[in-house]
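Below you will find one chain, with nothing else, as structure tokens; this is the form predicted on its own, and questions on how it binds or moves follow later.
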């Protein structure tokens, strides 16, 4: 039953390389979104930035995936954002808009971006208000959340040792800590863990150590705390990033 899923281990799938990662992720994306549209009339998806999901966005923007989805029935949100303008090359929105939104004609009202050009605290408050307007009656329950994994074990913009790791009330927070990447606004772990489906995309040999630690349950690493309350968590990992997992040893 769905209510017991939080007690299950994450579903882990190892694929040969980045191209296979993108293809498999695209198939899952289409499946989860179609299921949501059939069941509830619309789908809500929270996207991540970074280089790993860019091949996925490009695949979704072209045939056959672009013809398999009713993009007018999808509300797109963002897991996190850098505090930069939307046309900045470092902006998560900028990359997704270039690779996906413009290609398939996503309407402005269906693209719920984090306004990174504002002061971080203001952007966080505004984005949470936007989410509360779209998800009425409790925590936001995204149909799909896409996540990545940093070499330090962070996911979204939730970093090891930061108080944001344990935030239980807010849906959105900002971080002023540099971490070498500047200020950011991010969904909290509590908000992420209410999703119906969570999909991690991980590629690269430099991630092998942290993949093994996170999936081994290292609680000090934020990514280890992604445990959906009633949904499923899946990991798609390339062979180069998965070779230190015990089951492959």
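Computed from a predicted model, the values in this text were never measured in an experiment. Numbering follows the first chain given and starts at 1.
Below, we turn to the form predicted together with 6-phosphogluconic acid, even though it does not appear here.
Just one listed stretch, out of 95-103, 123-131, 162-170, 142-150, contacts 6-phosphogluconic acid in the predicted complex at the 4.5 Å heavy atom level, and that stretch is 142-150. Note on contacts: among 207, 196, 183, 55, the single residue with a heavy atom within 4.5 Å of 6-phosphogluconic acid in the predicted complex is 207.
Residue-level contacts in the predicted complex: of 65, 224, 48, 44, one residue has a heavy atom within 4.5 Å of 6-phosphogluconic acid, and it is 48. Contact between residue 156 and 6-phosphogluconic acid in the predicted complex is found at the 4.5 Å heavy atom cutoff.
By the criterion of a heavy atom within 4.5 Å, residue 115 is excluded from the residues contacting 6-phosphogluconic acid in the predicted complex. Residues of 77-101 that come within 4.5 Å of 6-phosphogluconic acid in the predicted complex, judged by any heavy atom, are 80, 82, 92 in sequence order.
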